[in-house]
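As a starting point, one isolated chain is supplied in C-alpha cells, in the form predicted on its own.
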C-alpha cells in the first residue's frame, strides 16, 4: 500500500519533478536535494540510477548503490522520490529501497516485452508510474504501454512528454511534436500529463519557452533536470540547470486553469465556440462536396485510362494554396498537412471508383 502522502503529492497541481540527470555521488545528490527543497516548489526528487545510453563507454549511472543516497536525501529533505526503471529487477530494487514514484523511459516504452514485464511486477498496485513517450513519434506504442499497465490494474498512471527523435536540423534535441501529446490528452483525459523540457530542448536557453508552452496547453506539471554544477555533470550537462535557475524559471511561468467560473468568460467562450461549431459544419459540407467532385474526376480518368496520381497538378495546387494561405494568416506547415490529408482521401476515392469498375466487369 503506497503512503497516502505520496498519493497526495501525485494529485498535486502543478506537480514539479526535479533533480540530477544522474546520481553521481552521495554528496552531489544531497546538495541538489537540499537546494531543491529550499525552493519550496519541487514535489518529487528525481535522479537517474540506471542510465541507458546510446553508445557504450558513456556514463551509465552508479546503479543500485545510488538508491541508498536517494533514500538518505528523501529522509533529510522530506521529499518523495522518483526514478526511471527499465526492467522488473529495477522495479523490485527501487520499491525495496522505498522509492515512491517510478517512470518508464523512452527506450523502454518502445519495447512491449519490457513494458509488460514492468506491468506484471506492478499488477494490482497503487504505485504511481509515469510513462515517457517512445523515442520515435509512434502514438500507438505510447498508447500500448498505457493499456498494458491498465490491463494489469495499475491504479496510478501518468504520461511524460519528452519529445521525439526526428531527422533533419532542429533547435530541439527532441522535437516536441505537440499534436501527439495533445492527442494522448484527448484519449486519456483522466491521466496526469507532464512535460519534460530538459529532454525536448537539450539545452538551457529554451527551457522557459517550452515549459510555458506546455502549461498553455493544459499540462499538469514539469520534469526539469537540476544539478549543483551543471557544466561538470557526468551526463546531459548542457540541459541541466542549478536549483536557483530552476526557481527563477518556475517563478516566471504563467500557470493557467482549464476552466473559469466567471460568467462573462463562460458566455463569451460559448459564443465563440458556437461560431466555430457552425464553421466546422460548413467546412465538412464543403469537403464532402469536394470529394464528390474527386469521384467524378476518377470516373473520367477510369474511362480514359488515365492514372489517378497527377504529380504536376498536385504540386501546382499545393504551391498555390500555400501562397494563398500565407496571405490569409495560415502557416505553410498547416496548409501542407491539411492538403496532404485531402489529397490522400481524394486518391482513395478515385481508387475506389476504378476498383468498383473492375469488380463490375467480372
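Positions refer to the first chain, counted from 1. On a predicted model such as this, the values are computed, not experimentally measured, just so you know.
Omitted from view is the form predicted in complex with phosphoenolpyruvate, to which the following refers.
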Subject >> One residue of 105, 228, 181, 158 in contact with phosphoenolpyruvate, assessed in the predicted complex (non-hydrogen atom, 4.5 angstroms) >> reply: 105
Original post:
Quick one: which of 316-324, 27-35, 44-52, 60-68 gets within 4.5 Å of phosphoenolpyruvate in the predicted complex, going by heavy atoms?
Top reply: 44-52
Subject >> Contact test in the predicted complex: residue 21 vs phosphoenolpyruvate, heavy atoms, 4.5 Å >> reply: yes
Original post:
Hey, in the predicted complex, does residue 84 get a heavy atom within 4.5 angstroms of phosphoenolpyruvate?
Top reply: yes
Subject >> residue 90: touches phosphoenolpyruvate in the predicted complex, heavy atom cutoff 4.5 angstroms >> reply: no
